[in-house]
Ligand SMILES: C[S@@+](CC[C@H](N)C(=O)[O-])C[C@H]1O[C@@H](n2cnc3c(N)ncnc32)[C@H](O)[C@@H]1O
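First, one chain by itself in structure tokens, the form predicted on its own.
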């Protein structure tokens, strides 16, 4: 972040610029560890890379800047056409191809990707029955034999009750509650062992893991409360007035929940 971005973040979080800089300084060795793990994961990858659930494109940019070769190819998915269009406009890179799709119906041939990866997305996966292995079946289909499948996501290890011990944990519960408003199931936060079991269920071999213990983010509650306040009209438009009670409950819980961070975990394996 440059000085302007740091100042804006500090103001939104209700912290000082010095606090913001100190937090970013603490993140530096974790960023280096993340970079080293990704380089290890990508070292044996051949062929195109598929990123699931691009969201706002932060990880997409990181992949293009550091891990996709000049002659390489990155497919990335986004199920909402308007979001996909904005991402294409924001990231004008000839190596990038946007797929307006979810993970269950990918418009790619069998075995066409050498590596499948997604960051902080699996815990938000929504489906009719909550069967995540089923929802990911098509992403396994497009992965070539010997290809690498990488989950990079938040875990709730270290907490007895993550929703009362971590404001971030309580925040992540909201996606489960929003899905329930539509009669659907969201996978939600899980332990590292659950991700390993999922990888085994999908048939991957040589599963490896690495955990990044994240520092607590100063001003997390204020920052997220502000973001949610801005999004409330859009939430009401999508889910109706009943979403207001959900958001009010979240705000109330935030006031009594410590701003403890969740760890991030890499889990990866090879397709047999």
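A quick note: this is a predicted structure, and the numbers were derived from the prediction, not measured. Numbering follows the first chain given and starts at 1.
What comes next is about the form predicted in complex with the ligand, which does not appear here.
The ligand is not shown here, but in the predicted bound form it comes within 4.5 Å of a heavy atom of residue 125. The ligand in the predicted bound form is not approached by residue 138, whose heavy atoms all lie more than 4.5 angstroms from it. Looking at residue 58, you'd find a heavy atom of it within 4.5 angstroms of the ligand in the predicted bound form. Of the heavy atoms in residue 53, some are within 4.5 Å of the ligand in the predicted bound form.
Of the candidate stretches 157-165, 102-110, 141-149, 88-96, only 102-110 has residues with heavy atoms within 4.5 Å of the ligand in the predicted bound form.
Note on the partner interface in the predicted bound form: the residue among 196, 178, 121, 202 having a heavy atom within 4.5 angstroms of the ligand is 121. Contacts between stretch 63-89 and the ligand, counted in the predicted bound form as any heavy atom lying within 4.5 Å, involve 78, 79, 80, listed in sequence order.
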